[in-house]
Structures are given as structure tokens and as C-alpha cells.
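Taking the form predicted alone, here's one chain by itself in C-alpha cells.
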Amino acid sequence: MSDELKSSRRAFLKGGAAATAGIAAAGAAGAAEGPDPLITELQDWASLTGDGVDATPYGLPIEFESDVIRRNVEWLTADTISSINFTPIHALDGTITPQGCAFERHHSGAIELAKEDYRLMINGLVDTPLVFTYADLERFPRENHVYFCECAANTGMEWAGAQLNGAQFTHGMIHNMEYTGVPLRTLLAEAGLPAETAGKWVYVEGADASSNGRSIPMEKALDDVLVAFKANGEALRKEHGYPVRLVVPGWEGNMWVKWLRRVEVMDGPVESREETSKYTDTLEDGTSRKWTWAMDAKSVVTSPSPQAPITHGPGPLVITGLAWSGNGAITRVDVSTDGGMNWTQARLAQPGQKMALSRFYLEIDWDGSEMLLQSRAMDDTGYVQPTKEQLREVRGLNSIYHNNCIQTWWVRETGEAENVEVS
């Protein structure tokens, strides 16, 4: 931190101390003479009893945070059965996404499947086809891992230009949770794999009406894929695949099959609808490439942003956001306030974790002038997040998936922000 910024923050804190002493109420709303009644007068919350322990058997957010909710875009899909809603990433801090506001994507609606009715079949090229109940899964050794799940279409509307005004809508098809479950390799070993697994695949399928099947190379299946039944310590939510879903770290969310019912060992991929006509990447020449599973390094400033404007005048400002990579761990994030002409290294809240969100911060002394805010992520493979123009050279304007471009927010002198492009 620069000496000027340290000095500015000391002055800011001294002003706050003066306010508590009743000398002046210095803050975001400006200076006000006289004592602060919220300090000098007895308030209801300090004189009346609150709710009892039986008032909230399952805790919900306080009414003052009722705006921190998932949202959808009405014109993006025809109905809510096969649709998406978005995590309010602009209103969260840290990295763990609460299940109650974590993005969801359905192909035929969220189904109700009781634990007692749950079955998981392992079949195909195995020694002994097996069927597991939920109770069976609970008896296997389990693991806990924090991973992000990102829809391949996250930021997909931005290929042809700045479309959706808000980090929740441009980048909110993502969540980051601690998953508990059994490694898929454990269940495959129980069924007995062929002596030679090289070149083999597994086909995973959901129990909902869409079946949503995807092919996964055996190398990935035996690596870090998890058959999960808990998230953030509690049972999966209905919309997240209760009672059991697949977790495919670092790879596009469509492969994280919910309500997992079948894993078939095969000699090759199935070439299903979700991996041929869908979830392929259109190139500039009109052809499409498939098997682009990994989500490349990406980041976004969540505040300030269109849904999280600056609400105070010039002075200390915390710029914050999220970064992630499906190929490893985030090692660095740079932030630009002038549209990419100059970059400053941000501070990672914690060392990056593989296939998990990283939170970054950059504290600046904002002078009240407009900014073109950007962030640029790097991961431990050496990959650097590209600009939109760099991606368009390969992908053109009509692609959908895997848009990991650098995002720009135009922050005006008023503190309000807008989704824009810079050239």
C-alpha cells in the first residue's frame, strides 16, 4: 500500500473516531454537526427482547438482505422449466456460495426424488454390474472438496457485444461450494474395471425427464470426479440434484449431472445431444469443436459494478471480485482502472485452490473520476485471461460457450456503473 493511501486511510479512520466522540459524523453521507442519535439515544433493539430460538428452525436471511437472491433473464429462455437463474455474485464476499442463492440450470425442471427411492447403477464394461442405494453410498469412505461449478454458457451473451448489465447476469452462472461425497473411482473399483482402462469412457446420466447424458474420459473419471450428496455441510438442495449429483471439478457445469442414476463404462463416447448439437464451440469459420470441457481462467470485478455502485464520494475504495480456473489454481489477478492500459496486482484473500474460486481485493484512493474497471486472472499453468478481441479472432461473434474474456465496467463520476466494451 502506498504512503499516500496509508495517510488517506489514517485520516478517514480519524474522521470516524471523531464522529463516535460526537464531534462530527463523518462518513459516506458527508459531515453532519451534532451527536448521532443512533449512538446517544436508546434504540428498540437494545431495550426490547428479540425472537426466541424456536422462531427460525431453519435460518433465513434477515429482511435487510432480502435483495440478495437468484434472478433470471426473461428473454433468455422460453420458460422456467428449461432455464437458468443467476447467483448474486455482486452482493457476496468471500468465496463460498450459500446453497440458497447458488445458480441453477435445469433441462426439464427440478424433480423430487426421495433418498429411499434413489438408485445408482454402475454397468457396461465392468466385472459385476451394481446398483447402489443412498444408504449404500453413505457406507463408503467420503471426501470433502471445495469446487466451482460454472455453466459453459456463462458470459455467453457477451460474444456479440455488451448485453446484460450486471455481474450477476454476465458472470452469475457459477457457484462455489464444499462438496461431500464418494470418489467415482471408488464405486467403479467396486464394480471391477477392465485390466486396461486407457481409451475407455464413462457415460453418466440423470434421473430427470431430460436424462441429460454426458460422456467423460476414464482418465478424468478416475481422477477427481465425485459422487456428491452434501454441499456446504448439508444435503443437496432439490434444484442442485438432491439426493445425489456428480461433481466434475474444473469442467463445464452440464457434465455435473444432477439426480445421478447411471454410470456406464464404455469403449468410446456416446456422442449425445448435449455433446454434439449442444456444448460445442462455434469458430469464426462456422465449424464447431467439441470436447472443450475445461473452464479456462477467468475473473470479474463484482464491486464496483452495475448492481453494486459506489455510494460514497472520493476517498478509500475497495475493489473486489472473483477469479477461477478449471485447469488449476489462480496465482495472480491484476486490476486496471483505465481499460487495460495500466495494471496493478491485486491481493488474493487466500492462496488459490485448484478448481475453486479465489477472492481478490485492491484498495485504492478513488479521486471521483470515471474508471474503466477490468480484472485479468492468471493460473498455475501460466495461462493469462484473454481479451474479448483475442477470443473473437478464433471464435467470431456467434459462439455461445466458454467465453472467459476480460470484462469491463464503466464507472461514472456518480459511482454508477455500466457494462461496456473497450477497443
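One rule holds for the numbers: they count along the sequence shown, beginning at 1. None of the values given here were measured: they were computed from a predicted structure.
Missing here is the form predicted in complex with a small molecule; even so, the following discussion is about that form.
Gly206: touches the small molecule in the predicted complex, heavy atom cutoff 4.5 angstroms: Yes - in the predicted complex, heavy atoms of Gly206 and the small molecule come within 4.5 Å of each other.
Touches the small molecule in the predicted complex: Ser210 (any heavy atom, 4.5 Å): Close contact exists here: in the predicted complex, Ser210 approaches the small molecule to within 4.5 Å, heavy atoms only.
Contact flag, Gly253 vs the small molecule in the predicted complex, heavy atom cut 4.5 Å: Result yes; Gly253 sits at the interface with the small molecule in the predicted complex.
Residue contact check: Phe103 to the small molecule in the predicted complex, 4.5 Å heavy atom: Phe103 belongs to the contact set for the small molecule.
Interface stretch in the predicted complex with the small molecule - options 193-201, 136-144, 210-218, 122-130, non-hydrogen atom within 4.5 Å: That would be stretch 210-218.
The single option of Glu239, Asp281, Asp224, Asp93 touching the small molecule in the predicted complex, heavy atom within 4.5 Å: After the contact test, the surviving option is Glu239.
Residue among Val257, Ala297, Ile89, Ala231 with a heavy atom within 4.5 Å of the small molecule in the predicted complex: The residue from Val257, Ala297, Ile89, Ala231 that makes the contact is Val257.
Three-residue site Cys151, His175 and Arg245 fully in contact with the small molecule in the predicted complex at 4.5 Å by heavy atom: Heavy-atom distance to the small molecule in the predicted complex: all three under 4.5 Å.
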